[in-house]
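One chain comes next, on its own, written out as structure tokens in the form predicted alone.
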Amino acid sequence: MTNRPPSMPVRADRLRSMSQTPDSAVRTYIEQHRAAFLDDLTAWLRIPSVSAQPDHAPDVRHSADWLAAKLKETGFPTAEVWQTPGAPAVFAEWPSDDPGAPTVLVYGHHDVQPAAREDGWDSDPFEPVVRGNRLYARGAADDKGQVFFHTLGVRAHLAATGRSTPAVHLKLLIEGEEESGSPHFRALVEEQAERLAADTVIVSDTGMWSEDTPTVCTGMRGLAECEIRLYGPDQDIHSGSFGGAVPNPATAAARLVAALHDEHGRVAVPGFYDGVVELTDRERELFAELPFDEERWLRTARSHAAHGEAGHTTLERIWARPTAEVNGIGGGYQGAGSKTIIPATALVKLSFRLVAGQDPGHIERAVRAWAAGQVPAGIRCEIDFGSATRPCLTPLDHPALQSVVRAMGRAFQAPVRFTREGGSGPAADLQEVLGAPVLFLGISVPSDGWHAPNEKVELDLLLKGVETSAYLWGDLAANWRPAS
């Protein structure tokens, strides 16, 4: 939990005022400051902060410096650039004048994917352009736009409530290496854990189901990856002279892959499902409420049939069930024609998406034991696991999650549905190191084209993100008083 002064009683009328931010006042403030907000965002988007390309390291630093200065201008009394062995992160803090208020940490990232006009962009990816009601630029949705809406959101919150400080202790951590795999992020969080201490984490690096179906994500799967190398003969040997008499590592690789799942699509590694938090009936009902078109989804997936663990829908499979996938398999001769050999080596690459209740260390031990039992005598097996990402899940009844839902519902004036994220990210590191639940607040939609040419953000949705942020801080303060 956070380190804060001893809790002080807060009057009921003040709590009500925190959550009852006048909607008209918020919307009026946003409209009055819309042009300046978009001018600032456009200036930030012009900085090509591509963390994956060493030539852009000065630009990533420029991006961090720009954001820190803008946060100071917004009103954050603390805004710092934190160095890492790679790209810098930005930390900002704005304490509330209510010592008993919750502490909230907002996470996002200021680095972006590589982009060039010749990739298929209709305009320069780092020269933002508005066409219709859309802002096109690299980073418009992923993630500068979704980070930046908090700057106008907190100012609208203050203006509408007459406060001089936010209703919560507000912190921001904006990473500079997310698009490069966050190689130094966990170490940074561990090093700065005391200053990052929070009661909850809001991740603004996500999206919604669609423009007319606002949603809140409640969980993200974890990830474990491994490479399995199989060694047989000391060199490639003649399949006529030795075939059928010595073990073939390519055959062993194929058998290993074939044994990964049973006939029902379940992962056949003993112990793989230990600890899995199963979906509740209510969660399954909520998933089923979403307007999911499987045929359309298959077209997006460039696939021709749905497949997976029996007894679960497609959404349940990609959001709430663990998986094992073969990412690569090879061995032996791959060239034109034939080469009748028994190859000396073979290779299998596997990845495992993990759900709440699964421990990456346990998965690694289980996979090692399983693989050892599958490999015949005469084949040597070596397995290397990379760094793992833990899953994260926030219960539907968590008061902070309910505040996000209410704030988004006020902004969108529509029912808010629930999703999860099938992918993995650094949010789980924040949950594990800080011991705080992770919530997701994003307004991006699938058509925004993350990592693709012509990335854009819908301006109406971006301003709904501003509005949600403006309502959220008061709602949290009024409805959640976590223990010190």
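So that there is no doubt, residue numbering starts at 1 and follows the sequence shown. Predicted model only: the values in this text are computed from it and were never measured.
Although not depicted, the form predicted in complex with another copy of the chain is the subject of the following passage.
Screening T165, Q83, T251, T213 for any heavy atom within 4.5 Å of another copy of the chain in the model of the complex leaves a single hit, T251.
Contact annotation: of the candidates P395, P233, P399, G409, the single residue with a non-hydrogen atom within 4.5 angstroms of another copy of the chain in the model of the complex is P233. In the model of the complex, at least one heavy atom of G423 sits within 4.5 Å of a heavy atom of another copy of the chain.
Heavy atoms of R353 reach within 4.5 Å of another copy of the chain in the model of the complex, making it an interface residue. The closest non-hydrogen atom of D359 lies beyond 4.5 Å of another copy of the chain in the model of the complex. Using a 4.5 Å cutoff between non-hydrogen atoms, V130 does not count as a contact of another copy of the chain in the model of the complex.
Picking from 176-184, 98-106, 291-299, 205-213 the stretch near another copy of the chain in the model of the complex, with a 4.5 Å limit on heavy atoms, gives 291-299. Heavy atoms of no residue among A69, G120 and S123 are located within 4.5 Å of another copy of the chain in the model of the complex. Residues are counted as partner-facing when one of their heavy atoms sits within 4.5 Å of another copy of the chain in the model of the complex; in 383-414 not one qualifies.
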